[in-house]
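This document starts with one chain, in the form predicted on its own, laid out as structure tokens.
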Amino acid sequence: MTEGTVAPVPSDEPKSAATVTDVLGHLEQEGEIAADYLEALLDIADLDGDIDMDVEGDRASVSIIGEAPGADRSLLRLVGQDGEVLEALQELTRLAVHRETGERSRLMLDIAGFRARKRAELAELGAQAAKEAKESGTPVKLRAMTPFERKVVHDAVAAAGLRSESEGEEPQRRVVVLPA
């Protein structure tokens, strides 16, 4: 290794407090870059919204919420049908973070609570599919989903004590819940 180069910490070794602090600092930096980018976007679109930044697990999370009662309705234009505009804005925001940091971002964007509501619905869907697979003893195939949706369902199925896997090719990739 050359001087000034830092060896990566192998993922199977426990991370030191300094490494955890570095990762947290990097994720907070991602959130700040994203917030600046999104604030400029809101100004261009002449929309009002508060930006909330957080770190959830191993990714930065940024939410845009309405400043006043009823303001979330105007923000719903940034969500689009079934979250399509939200997905596109999330990718653009990730690109803005990449441009500043030089590293790929896994940042999660939520607008007007859309993703939070969707997460709750999907967790319920995963729990119901797990219950059905347990009772019937046969695999349960769900509709095609985005990677975000599949992750939430996989987590809910695991919490119910079953296994699941994804099958198919994008955009028709779906979760299959396997019986015990």
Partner chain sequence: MLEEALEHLVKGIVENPDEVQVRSRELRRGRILEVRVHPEDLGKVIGRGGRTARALRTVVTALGGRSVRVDLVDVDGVR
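Residue numbers count along the first chain shown, from 1. Quick caveat: nothing in here was measured; it's all calculated off a predicted structure.
Another form, the form predicted in complex with the partner chain, is not on view; read the next lines as being about it.
Among the residues V55, A45, A127, A116, the one placing a heavy atom within 4.5 Å of the partner chain in the predicted bound form is A45. Of the residues given (A144, A40, I65, A123), A40 alone sits with a heavy atom within 4.5 Å of the partner chain in the predicted bound form. The partner chain in the predicted bound form comes within 4.5 Å of no heavy atom belonging to R106. At the 4.5 Å threshold, heavy atoms of R73 stay clear of the partner chain in the predicted bound form, well away from it.
For E91, a non-hydrogen atom is located within 4.5 Å of the partner chain in the predicted bound form, even though that partner is not displayed. Although the partner is absent here, E84 lies within 4.5 Å of the partner chain in the predicted bound form, judged by heavy atoms. Although the partner is absent from the chain shown here, none of L24, K151 and H154 has a heavy atom within 4.5 Å of the partner chain in the predicted bound form. Along 92 to 107, residues L92, L95, A96, R99 each place a heavy atom within 4.5 Å of the partner chain in the predicted bound form.
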